[in-house]
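Single chain ahead, by itself, as structure tokens, in the form predicted alone.
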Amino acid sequence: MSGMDYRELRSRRMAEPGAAEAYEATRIAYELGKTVRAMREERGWSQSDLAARAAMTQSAVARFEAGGTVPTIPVLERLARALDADVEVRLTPRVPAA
């Protein structure tokens, strides 16, 4: 990397247009996937069990749980119904930095 360390490279990449938004979308997808996996495992279900209940494929559930896809609201609703859960989407004001 011609003398550039990771922090400098990351800083440059995050300064590119759209990078922060893409990073945030990926973070949210990962957190949602982690939550669905935990709920599925609490029930003792396999990915195939959840997929059947949500009318999805096992591979789609696997990708979702791994954070590999940013889900649509309808997909979240199908997973929530299958898990007997609610989807809550909300916007909250940010607290200004001090």
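All figures in this text were calculated on a predicted structure; none of them were measured in a lab. Position 1 is the first residue in the sequence shown; the rest follow in order.
Keep in mind that the form predicted in complex with a further copy of the same chain is not shown, yet the notes after this line are about it.
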query	finding
a further copy of the same chain in the model of the complex: contacted by all of Glu24, Pro71 and Leu91, heavy atom 4.5 Å	yes
Any non-hydrogen atom of Ile28 within 4.5 angstroms of a further copy of the same chain in the model of the complex	yes
Exercise: Ala51 in contact with a further copy of the same chain in the model of the complex, heavy atom 4.5 Å	no
Members of 46-82 lying within 4.5 angstroms of a further copy of the same chain, judged by heavy atom, in the model of the complex	Val70, Pro71, Ile73, Pro74, Leu76, Glu77, Arg78, Ala80, Arg81
